[in-house]
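The form predicted on its own is given below as one chain in structure tokens.
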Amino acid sequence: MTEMRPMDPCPVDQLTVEAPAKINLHLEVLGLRADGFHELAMVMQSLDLADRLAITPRGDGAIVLNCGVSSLPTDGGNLVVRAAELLRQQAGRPELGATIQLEKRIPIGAGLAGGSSDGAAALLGLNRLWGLQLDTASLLQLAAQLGSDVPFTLSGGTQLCFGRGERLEPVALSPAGPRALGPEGPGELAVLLIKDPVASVSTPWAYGRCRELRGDFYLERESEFEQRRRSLRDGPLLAALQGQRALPPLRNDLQSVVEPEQESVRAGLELLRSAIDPLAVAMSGSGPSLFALFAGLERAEAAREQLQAALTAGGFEAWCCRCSHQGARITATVQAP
């Protein structure tokens, strides 16, 4: 997994943590697990589009979350608060408190793991703020209790994700991160990301619909699951991310069930496919966010400019992002006197 820096034991008065978004470069629904969840084989990729958490300690044992987005819950329904409560429970320190200011940049309900990443950032930041010094393995165990995407968003980068998504295997890439073979040779992998802000897709609905339409093809045995995992490890996608060959078409089994029933997903994918030189186009997670991959940020920005009138007419918001080699990270601290 992506290695995190050792914890600094010195107390701090305030710190800032970035919580990056993710996209799915591969999402394969293998079958059903004994616990009722779907067994998945995925490749997840962090982006440099990130939320930001500013965290300060409190002396009254309260966990106070503030956010300028009125539609976002700031109580125990938010993974940031749940992460804080889980962490101090794990530490046996109920007196610990914090005020957390959440700046949302990742669109909400978009299949980009914004909420999961915020929870991961809270774990990382509060571990440092409260001087708990839990190691990476302990934080990842807590992350898995919070949600399937939280372990990945904590460690980040480019990883194979199995099980419900919590079983992580790092992908060996260059220190610069994933590469793409474009018209002018290998370059950094960049993303044009779009979303219709009024569209939403229920993740449980998407998986339920997948089971209805594809359940007859589900695998059943662990040996079959492991065969698909090996195929992904050794397949063309990971070679392409090393800049060794062209990107293959991206697979998202949820896209095949969401696209026929979501007009904005169909329209957005058609727009992205009409851009200049996209290397691949797909939906992320259960949607409704959509993305196109490019060999370099300049090409992604040129595609956004090319499509801007059509995106505006279709009601889409758009972002150009770089792929990132890291997950949640502390970006600033203010030392206590």
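Residues carry their position along the shown sequence, with the first being 1. Since the structure is predicted, the reported quantities are computational estimates derived from the model, not experimental observations.
This next part talks about the form predicted together with ligand C5P, which is not shown.
G59 falls outside the set of residues with a heavy atom inside 4.5 Å of ligand C5P in the predicted complex.
Interface membership of N78, defined by any non-hydrogen atom within 4.5 Å of ligand C5P in the predicted complex, is ruled out. When contacts are judged by a 4.5 Å heavy atom cut-off, T203 counts as touching ligand C5P in the predicted complex. The closest non-hydrogen atom of Q255 lies beyond 4.5 Å of ligand C5P in the predicted complex. Of the residues L40, A303, L271, I55, just one reaches ligand C5P in the predicted complex with a heavy atom at 4.5 Å or closer; this is L40.
When you look in the predicted complex, the only residue of R164, R209, R179, R251 with a non-hydrogen atom within 4.5 Å of ligand C5P is R164.
Here the chain stands by itself, but in the predicted complex one stretch of 258-266, 234-242, 147-155, 190-198, 147-155, has heavy atoms within 4.5 Å of ligand C5P.
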